[in-house]
Each structure stands twice: as structure tokens, then as C-alpha cells.
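Consider the single chain below, provided in C-alpha cells and representing the form predicted on its own.
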């Protein structure tokens, strides 16, 4: 019988009815959820409630705690898989942090949650948890990085995004699709993800901010962020990695002072590329020292840039290599 550890963190999947008819996120213990999965006698499940929070309250310190607990479970032996229950709003952030720091070759790590509270009609809470437990117990889930199991689909944490605020098919990997699916307890693995190399778990995560690019953006927006002393900045760029023209003076000043700046694409799919020569194009900024970041959303790029800055101690060439997909999966 496989032994699965469940780390409960709260979220919609752990909600109870509130006094005014709305849900209180994170109040339902993980043991109550597991008891409704109907897997008794098929899996040995141990539950630990690590946090009881809505996912908007989960950030760097909680990611570190979860990563260290997962490592302790793996190194301690005795567990065949780990499931983390989590609110959906920041599930992709937590999943990607763990994806960057945890080795899953021996023990799969799966994250799940729900779009509907457990007490709602047609709730997906128990079905999603059951499928996550079954996935974590499957040997084919090893070595794929952190997996997000949701609505019978299995996604790589590297590419998954929340795509609906309410529908049960709340997650997708736009342009790429799921790695596979869960069907009647069987994991159908259809493709394997490319993965960037692992990074250390830092004692403290540097501050990295996101600047969202949009048409007509004012210079004051960039100046406010760049002049507030962040440790790094990720620009959610336009198209192939372009930025608003009004931001260029502040960006060039920041880059000349050595501020680490990553530029990704705000599109759902496709790499950045130095395709153009007009002002504000990616090529101009890369020439000034920025890092073009492909295949990661701004939220994911922010997390990886912070981890890389902590690991590389100011070596920007090494930080740039931490985003190099050419050797991914090698």
C-alpha cells in the first residue's frame, strides 16, 4: 500500500460556510477532506495542516516552509508521494517555486485545489483531491517536476495558469496543453515537460517586482518601481518582449546601475525574441543588459529571477543562464 503525505494549506478546497453566506477559506481541516475521497484501504494517507489560509496570504515564507517540509518527507523516507492542497488564486506561484527547487525523481509532488467550496452543489473538491492522491501514488509521476492535478487534467507547474475564475476547468497550459490526464485512477502520461535546472532554497527571497506593459503606459509607473530599490524587476512585455517608449529613460538608467531586469511576454504562448530594431524593442534592452525570458509568465519569471539572484550573489551572467532553455531536460 502506497504511503502519501498530504500537506494542507487552506484555500477554497478547505472552506466552510460563513455567517453571512460567503465562504471562509482555509477553515476545513485536511483530515476532513481526505475522509471524503473514498480511498481508505487503498492508500495510507497522513495529513498535516501546514497553513489554514486563503491563497492570497501565501508568499515567499510559506513557499520556503512547504519546500523544506517536502524535502524532509523525501529524505526521511517512508512516503511514496506528496499532495499539497492549496487555494487556486496563487496555486501556480507556489507550484512554480517548488518546481524550481524540488527534485521529484524519487517522490512525486502534486498540487491541487478546487473552484467550488466543498459544501457547494457539484463541488470539485473531493474529486480533485482523490485524483491528486492517485497521481502522487503513480510511479509514472516521478521526475516530472511539480504537477498540478485539476479537473482530471495533469499540468506541469512550469506552464500552468489559472484561466477561469469560476469554471471547474480552471487551469490550462495555453498553447501546450496538459501532460496527461487522470481517468478512473489511471494516469495517462502523454508528454513530458522541459524543465530548467533546479536552484537552491534561499534563506530569504530577494524582492523582485513586476512591471506590466500596456499601451500608453506613463513614465511615472516605471520610475516609481525602478527607483524604489527593488533587487530585480520583471517586465511583462508586449509581444516578443517590447516595452512602452515612455519607460526607456528610466529603464536605461536602472540597467546602467546594474539592476537585474528580465523581460518576458504577456502573451499566453511563445518565446521572446530580438526581432526588431525600433526604440523599445527587446534587442535594445538586451544590449543594455536586460535578460530576455521565454516561456514563463511574469509571475513565474519573477519567482525564478528572485531564486537566481539569491543563488548567484550578483553574477548576472549566471543569473541569465538560469533562464536558458537550450539544455532543459538534458
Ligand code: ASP
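Everything numeric here is computed off the predicted structure, so don't read it as measured data. Residue numbers count along the first chain shown, from 1.
Absent from the display: the form predicted in complex with the named molecule. The rest refers to it.
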item	value
Contact assignment for the named molecule in the predicted bound form, among 281, 47, 54, 298, heavy atom within 4.5 Å	54
Heavy atom within 4.5 Å of the named molecule in the predicted bound form - the one residue of 131, 104, 156, 115 that qualifies	115
Listed range touching the named molecule, judged in the predicted bound form by heavy atoms within 4.5 Å, from 246 to 254, 84 to 92, 233 to 241, 207 to 215	84 to 92
